[in-house]
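Shown here is one chain on its own, the form predicted alone, set out as structure tokens.
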């Protein structure tokens, strides 16, 4: 089965199991699946305005929507708009096509939903940026404290206070997913 079909199956599964979350949540769920849980999605995330990003996730979302596997509805808020992504008419068909891949990574999918499914977009942005900065430090063989990691993230995300970042770093650390913290 091709990676593209597997990715579409994952996106469809997430749309059906995450209560109508938006694009940012979907992006971060895919990031956590791949980077933290090792699910081989084949995305190449880079740091962007709202944390780790790969335009291929949005491309795959568009494909899943065009195939009727997911629906995407614009939702208006006082400060702008977002999207509600839900399972579409052909979601079950895509789940059947991707059954083996979804089955092989069911625990990882459930882990992401259980740990991050209720977090809002801003929380997911900060948590995923913490993981991104942590992975960079780990690749560089740096051993950081929560405070040092938080300072690195503060440089990337100045709209968050150091206190917010440290709080989230501790929250993410409690999940056992930070590699550079000793």
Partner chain sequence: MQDCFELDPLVASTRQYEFRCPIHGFIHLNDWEMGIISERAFQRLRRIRQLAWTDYIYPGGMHTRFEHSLGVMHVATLLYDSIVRNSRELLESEMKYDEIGFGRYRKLVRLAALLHDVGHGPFSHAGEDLLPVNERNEQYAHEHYSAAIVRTLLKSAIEDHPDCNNYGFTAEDVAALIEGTAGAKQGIFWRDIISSQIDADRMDYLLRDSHHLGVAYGKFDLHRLVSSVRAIPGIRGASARLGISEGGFHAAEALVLARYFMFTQVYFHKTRVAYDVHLRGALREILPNGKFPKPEGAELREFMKWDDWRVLGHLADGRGGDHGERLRERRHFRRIHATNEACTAEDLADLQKIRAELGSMIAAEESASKSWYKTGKTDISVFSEREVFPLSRYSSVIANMKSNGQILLYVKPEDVAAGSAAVRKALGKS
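If you're wondering where the values come from, they're calculated on a predicted model, not measured in any experiment. Numbering follows the first chain given and starts at 1.
What comes next is about the form predicted together with the partner chain, which does not appear here.
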query: Contact label in the predicted bound form: residue 56 to the partner chain, heavy atom within 4.5 Å; finding: yes
query: Residue 117 within 4.5 Å of the partner chain in the predicted bound form, heavy atoms; finding: no
query: 4.5 Å heavy atom contact, residue 156 to the partner chain in the predicted bound form; finding: yes
query: The partner chain contact at residue 83 in the predicted bound form, heavy atom, 4.5 Å; finding: yes
query: Heavy atom contacts to the partner chain in the predicted bound form at 4.5 Å, residues of 65-97 in sequence order; finding: 65, 66, 67, 74, 76, 77, 78, 79, 80, 81, 83
